[in-house]
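Here are two versions of the same chain, shown separately as structure tokens and labelled structure 1 and structure 2.
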Structure 1
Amino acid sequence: MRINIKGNIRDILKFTKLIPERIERIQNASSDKITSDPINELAFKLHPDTQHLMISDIFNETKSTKTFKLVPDLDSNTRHVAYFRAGQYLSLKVDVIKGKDTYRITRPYSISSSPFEALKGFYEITIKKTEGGFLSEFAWQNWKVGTKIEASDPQGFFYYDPIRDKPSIIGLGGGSGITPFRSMAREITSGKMNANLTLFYGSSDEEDIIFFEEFSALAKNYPEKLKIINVLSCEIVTLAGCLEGFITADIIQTYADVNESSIFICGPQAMYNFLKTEIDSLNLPTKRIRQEMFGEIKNITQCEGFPLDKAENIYTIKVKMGKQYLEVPANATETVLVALERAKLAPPSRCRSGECGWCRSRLISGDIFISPESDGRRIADKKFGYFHPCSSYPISNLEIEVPTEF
């Protein structure tokens, strides 16, 4: 078959003119430079590499909790804080000074203010001081109005999605785990988020309830949108409307319709462990339950499968990082990430829970222990020997390659 499109000669001519036409088109084109890239500009507004922030206010919430208000550090190139979804967190990057040593570490904190407030130019984070806490104790002593803080862009997937979730949200919070719910509550009651929230909030003591007044007032003013049920595990409860004990399936079902809701859980590790049986008894599909990460597993020896005979061991990790080759010591019961940070290496990290993949590194040799619940690796990464140092514990000497911070 020999085809004619517009006629033999015309077709051939059209073809032979292709290259001359190309040359002509290029010659006749504008020689202006392209200086704008609006899509990357927008991407950078939503996801800045680093947000340079400054503490503009500090509020004492409870005896062990403070809220830090963060605004752009105008000495830097940060001009606004990135917009986010209620429930997301910031990964702070902090130089912690201990004696003569400076350690560059990260810690994730849920944003406790709401997205519409970010548009007004600020975030709040609310930190509970933990006993022996490396960052929180440092922050308590050193953070003042004017202190500069580096933060990641907003991170994480602990947010309400109108396509996936039911517009009735059951929140189960414990301790500092109330922070993402405060963000949601403010967004909901200001009419910015089309959902309602019933929050069950567990505290160990009346004095430890964070945001007690704010939630009480919001619940009173917006009864259709917000309910708060404080659950206290202490002996004596004097505050009106508070329940005694722990958050149980029974309590949840008394105050909310579990079958028509999405459950969001955020709190300390111990709370997850307790809630697991309660939630299981509700027999809900996985899609109705969303759980925030809880950071590094503190008592890894209690994890099923951890080799207890190795718990006391200190191993050596050979690290290749950029152009550096180093050897660092590592405790079996601390994550590889902590070992690297103790050695002042400052590798990249964000969630510290195994989920975000930002710390992804290469395991060249040696054995690590990873609890299945914090193994957020891709399938191929497991096959090709990649690991997330933030959720991996050394159980032999290791040789690893770690990316340098961006």
Structure 2
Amino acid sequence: MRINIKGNIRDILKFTKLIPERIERIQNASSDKITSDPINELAFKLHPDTQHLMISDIFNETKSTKTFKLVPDLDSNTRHVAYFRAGQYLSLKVDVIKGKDTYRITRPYSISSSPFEALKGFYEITIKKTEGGFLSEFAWQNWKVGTKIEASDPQGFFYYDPIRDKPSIIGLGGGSGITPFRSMAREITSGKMNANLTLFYGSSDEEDIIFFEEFSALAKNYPEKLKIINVLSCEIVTLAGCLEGFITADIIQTYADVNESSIFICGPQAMYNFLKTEIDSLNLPTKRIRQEMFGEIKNITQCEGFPLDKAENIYTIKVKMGKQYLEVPANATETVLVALERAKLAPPSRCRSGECGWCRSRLISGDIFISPESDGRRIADKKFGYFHPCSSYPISNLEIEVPTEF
């Protein structure tokens, strides 16, 4: 057997010239002082510590949903919105006024506009009004054109990756969970993303189907790239082409090739609970299923393992945060983060799902409950007593150490 080794020897010989060439380049380099760093400038544009934004327009999507267009607040040092991947979210940092009190809170919202529109200078976020929602009700009543908002850089891992994912995407969305798929659909139909999307969208009300006309038009104009199947769970369905009931494995297999697709899921907690059995029946590799975190669990008492005998209890949390030492009351059915925000401590947080680790804190003493679906701690964190307040529920008195805002 003949082996050709000339190529390897040639590569090795090149390494012998590497250091002399480097010395020569250094000696011939200009002595002028470097006044700018283009790499760091690009990094700052892509990953700013804070984006200062302003609402430039508001669109009524449905009876319960509005889209807010966000542009740079030119009174600040923000001049561009950071680029992102379709499917990522912004963590908004806002002041919410309830009665005479003002609370500093964070809430994550998927970006519903596309990445190429960020290059045009704006984001869009779409918010569904939730009964009793701490921010959504306040936003509906108080946010106007000109309202200023602080936001993080784009965050999250709910995006298409051609190296990891199949070129065909099956999207399973429910309620406001359609927002990241709108970003993907716009990116795909504009030719910016080399993939195709079959979207199954579950709604409980014909009059509350978000982006119905836009998705219908896109699917009609780009049938080879986008297909949408609306699934309605309301008692009477009058819209033509809509399916009745819930998104099931049978429906998915009828309209899409699951063996040649990656599945992306985004919706309310109840949808995740229902789809778990349906998706499991498809017997797909875990790497082919991507799930957007659904934020704080609204009904933690329904999670397996939660101690129901403690659900009505109110505990005391001893908090060390910077130089502050204080005690905070906390309900067993609310996250530690919510208790801290109600006490106006405003600790750092972003995803509110136990995923990003931004609120990582130290549990000095006491017991907490964490749903397995929301436990994003590393093995070392579990061993040495660190936890994420956004996904942890107090089931005893606690003593904790919380970081200050970065």
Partner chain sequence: MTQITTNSSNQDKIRFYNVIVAGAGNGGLVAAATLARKGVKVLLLEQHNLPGGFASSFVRGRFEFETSLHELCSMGTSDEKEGVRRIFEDQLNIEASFIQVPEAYRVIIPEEELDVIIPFGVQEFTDAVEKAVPGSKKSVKNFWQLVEDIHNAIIYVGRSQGKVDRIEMLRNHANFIKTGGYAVDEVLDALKMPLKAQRIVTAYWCYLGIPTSRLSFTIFAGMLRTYIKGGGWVPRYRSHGFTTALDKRIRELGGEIEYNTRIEKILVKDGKITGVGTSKGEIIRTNHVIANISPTAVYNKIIYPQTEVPEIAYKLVNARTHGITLLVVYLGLDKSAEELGITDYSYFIYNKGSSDALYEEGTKELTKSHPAQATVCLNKAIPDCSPPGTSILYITTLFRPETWANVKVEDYFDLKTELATQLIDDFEQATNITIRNSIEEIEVATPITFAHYTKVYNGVIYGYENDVWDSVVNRLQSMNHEKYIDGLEFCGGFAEQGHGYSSSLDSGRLAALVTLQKLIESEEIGEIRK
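Counting starts at 1 and follows the sequence of structure 1. We call the rigid core the largest set of C-alpha positions that still match within 1.5 Å between the two forms. Predicted model, so just to flag it, every value in this text is computed and none were measured.
The form predicted in complex with its partner chain is structure 1, not structure 2.
Once both forms are overlaid on the rigid core, the distance between the two CA positions of Lys14 between structures 1 and 2 is 2 angstroms or more. Once the cores line up, the CA of Ile39 ends up 2 angstroms or more apart between structures 1 and 2. Lys382 shows a C-alpha shift below 2 Å between structures 1 and 2 [criterion: core-superposed Cα displacement of 2 Å].
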